[in-house]
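Listed next as structure tokens is one chain, alone, in the form predicted alone.
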């Protein structure tokens, strides 16, 4: 299984909103990440769905500046 296929599978969540946001990012923004950011994205997917949703919907901000940058990129990829 390729790295991208593995990440696509890992992006499948139990919430439609998360699925849509993460799929939009994988399809539109992931390729622009450097190796460190890609590793951070993989780690981000280990967070609980409820917390990811809060971050990605902009209801709360992560405390880690690197996670903030990644969350902003994911949100931008899903914006119309």
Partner chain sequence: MEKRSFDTLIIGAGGGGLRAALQLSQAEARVAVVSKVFPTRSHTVAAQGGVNAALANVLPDNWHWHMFDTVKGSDYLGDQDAIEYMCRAAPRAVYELEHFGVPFSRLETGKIYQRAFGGQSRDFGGEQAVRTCAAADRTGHAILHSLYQQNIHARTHFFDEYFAMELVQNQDGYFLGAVAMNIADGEPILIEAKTTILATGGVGQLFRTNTNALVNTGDGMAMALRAGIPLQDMEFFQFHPTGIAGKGMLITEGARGEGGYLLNGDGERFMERYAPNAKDLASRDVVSRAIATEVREGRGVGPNRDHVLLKLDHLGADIVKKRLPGIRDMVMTFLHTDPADTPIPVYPTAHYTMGGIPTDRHGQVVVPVQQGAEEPVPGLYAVGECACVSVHGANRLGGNSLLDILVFGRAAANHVIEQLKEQRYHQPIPGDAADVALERLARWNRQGKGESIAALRAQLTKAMEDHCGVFRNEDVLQEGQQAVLALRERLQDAYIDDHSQVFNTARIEAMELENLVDTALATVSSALARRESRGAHSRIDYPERDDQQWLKHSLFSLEDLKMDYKPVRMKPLTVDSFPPKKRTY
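Not measured: the values here are computed from a predicted model. Numbering follows the first chain given and starts at 1.
Another form, the form predicted in complex with the partner chain, is not on view; read the next lines as being about it.
**Q** Using 4.5 Å between non-hydrogen atoms, is residue 26 touching the partner chain in the model of the complex?
**A** Taking the distances in the model of the complex, the answer for residue 26 is no, it never comes within 4.5 Å of the partner chain.
**Q** With the partner left out of view, is residue 53 within 4.5 angstroms of the partner chain in the model of the complex by any non-hydrogen atom?
**A** So residue 53 counts as contacting the partner chain.
**Q** Would you classify residue 12 as touching the partner chain in the model of the complex, given a 4.5 Å non-hydrogen atom cut-off?
**A** Looking in the model of the complex, residue contacts with the partner chain include residue 12, since a heavy atom lies within 4.5 Å.
**Q** Given that the partner is absent here, does residue 20 sit within 4.5 Å of the partner chain in the model of the complex, heavy atoms only?
**A** It does: once the partner chain is placed as it appears in the model of the complex, residue 20 has a heavy atom within 4.5 Å of it.
**Q** Is the partner chain in the model of the complex near all of 8, 49 and 57, within 4.5 Å of a heavy atom of each?
**A** Yes, the whole candidate spot contacts the partner chain.
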